[in-house]
Every structure is written in C-alpha cells, then in structure tokens.
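Before any questions on how it binds or moves, here is one chain, the form predicted alone, in structure tokens.
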C-alpha cells in the first residue's frame, strides 16, 4: 500500500516537471522543451504503472523499457538541439 502511494507521489512530481517544461515550450516553441516534457510524461506513466503492477509480477521488467525510452528522448532532444546549431 505504501509503495503504491509513493509511486503515485513520484508520478505527480514527474507530471509537475512535464508541465514546467511544457510552459517553456509554449512560450519559446523550442523543440528541446517539448521533448523534455514528453520524456517526463513517459516517466510519470512509468511510475504509475510501477505502482499498479504487483512486485512479484514477471511483466514488471518491461517497465524499464519505458524508462529507457524516456532517457532516449532526452538524448535525442539534446542531439537535435546541438545539430540545429551547426546548420546556422
């Protein structure tokens, strides 16, 4: 019970970070902020799914794929930002 509640709190924190970057994306239309917001939403969904799946469930290992996707989005966002500066 406590683990589910803490995972929900962590998911709320990820969503707060996503809203923070979404606000910057709306103001500047910078793709970096949009990708960061997307990454944090994926992390929030990952945390919520982790709280809903039983700890003994063997599908729990697949949750780490979502975490990997979130970090790959961040890496792509940084690469995309730096690639854009070289063309100018």
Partner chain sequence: MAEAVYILCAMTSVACAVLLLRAWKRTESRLLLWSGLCFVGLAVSNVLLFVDLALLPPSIDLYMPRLLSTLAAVSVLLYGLIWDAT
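This is a predicted model, so every value here is computed, not measured. Positions refer to the first chain, counted from 1.
FYI, the form predicted in complex with the partner chain isn't displayed, but the following is about it.
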Exercise. Would residue 60 show up as a contact with the partner chain in the model of the complex if we use heavy atoms at 4.5 Å?
Worked result: yes
Exercise. Should residue 33 be counted as a contact of the partner chain in the model of the complex, where contact means heavy atoms within 4.5 Å?
Worked result: yes
For this session: May I ask you to state whether residue 20 is within 4.5 Å of the partner chain in the model of the complex, using heavy atom distances?
Result: yes
Exercise. Even though the partner chain is not shown here, does residue 25 get within 4.5 Å of it in the model of the complex, heavy atoms only?
Worked result: no
